[in-house]
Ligand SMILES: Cc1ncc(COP(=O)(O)O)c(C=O)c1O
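Let's start with one chain on its own, the form predicted on its own, as structure tokens.
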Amino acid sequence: MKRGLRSFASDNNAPVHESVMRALHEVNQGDAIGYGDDIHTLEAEQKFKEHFGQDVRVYFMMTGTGSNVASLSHITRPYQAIVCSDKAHLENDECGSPEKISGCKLLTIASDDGKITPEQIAPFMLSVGFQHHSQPKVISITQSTELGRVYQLDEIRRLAMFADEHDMYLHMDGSRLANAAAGLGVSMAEMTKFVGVDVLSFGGTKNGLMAAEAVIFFNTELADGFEYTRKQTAQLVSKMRYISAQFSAYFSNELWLSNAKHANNMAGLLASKIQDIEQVSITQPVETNAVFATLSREAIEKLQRQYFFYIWNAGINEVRWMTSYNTTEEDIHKFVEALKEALK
């Protein structure tokens, strides 16, 4: 990637938001008690409770994988199973850590858009009570999905009802929760707590933060002892104030929402600029900050000489173009011009 050109590979590649960096600088004064027993962490926890309710239990983490692994291992036994999409981060991008740490088997469901439904999960219930099979215990969904799609509130509610009927839990990987909320025009609580999610892996890093994630328990009985699980999974940060300060900035002046809206809008702009290009086919509805498209391998290689982005599915020449809170309209215009040149 040439210096100065925007990356379209991942929102992870964007810098830390200047307001967050300012908060880190401000908190970097004097001593503070470690491991979360400081005033900054208490303030950040209160910010979460203002958004999700005073009764939730919040634990700050360093990574999204750590949040997923710690929360899932905490609410399961090794003989149980976690049901998820075959596109899920759990299945494809966490190096087997969910299975290694939890001991649980992942039961995957084929999905073109990353979503799963109760009807698809139902066949796994035939294993319940059969000692030779892993016992389904958790449904894990990603919001927004790995293909940029958003679960509607009713879709989540139906999954939560199915989980409750079958003595299961509903876990949400919310690595891009803010983008999903912005896309639907609802609060983050409306798409989690109020529709039956038990446990949430809350993502901040993809939306302007630096190594700042959290696990939120809406089913607070499940949180008992999680402080020990967090320690065992190497997610307890000694200098916790540097995570806490980021979240305080994140929730101030609705930074989380403005960042997510902007990223989504830039993806929408990109999609609108390329939808009429004959040699490019958009493969997924653009609902958040991701654009999936197919084009010739030759054009992909030419474009990658200027811009960094990933090939999503090499078999069909499908690419993923991600936008971020700091993507500008000028970035989009330059990228589209480079794309048109590559297609010649």
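Just count from 1 along the sequence shown to find any residue number. Note that this is a predicted model, so its numbers are computed, not measured.
Just so it is clear, the following notes concern the form predicted together with this ligand, a form of the same protein that is not shown.
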Practice task
Could you tell me which stretch in 289-297, 24-32, 62-70, 45-53 has residues with non-hydrogen atoms within 4.5 Å of this ligand in the predicted complex?
Solution key: 62-70
Handout entry: in the predicted complex, residue 105 touching this ligand (heavy atom, 4.5 Å)
Key = no
Exercise for the section: Answer for residue 261 alone: is it within 4.5 Å of this ligand in the predicted complex, judged on heavy atom distances? Expected result: no
Handout entry: Contact of residue 140 with this ligand in the predicted complex (heavy atom, 4.5 Å)
Key = no
Exercise for the section: Decide whether residue 89 counts as a contact residue for this ligand in the predicted complex under a heavy atom distance cut-off of 4.5 Å. Expected result: yes
Handout entry: Stretch 143-167 - residues with a heavy atom within 4.5 Å of this ligand in the predicted complex
Key = 146
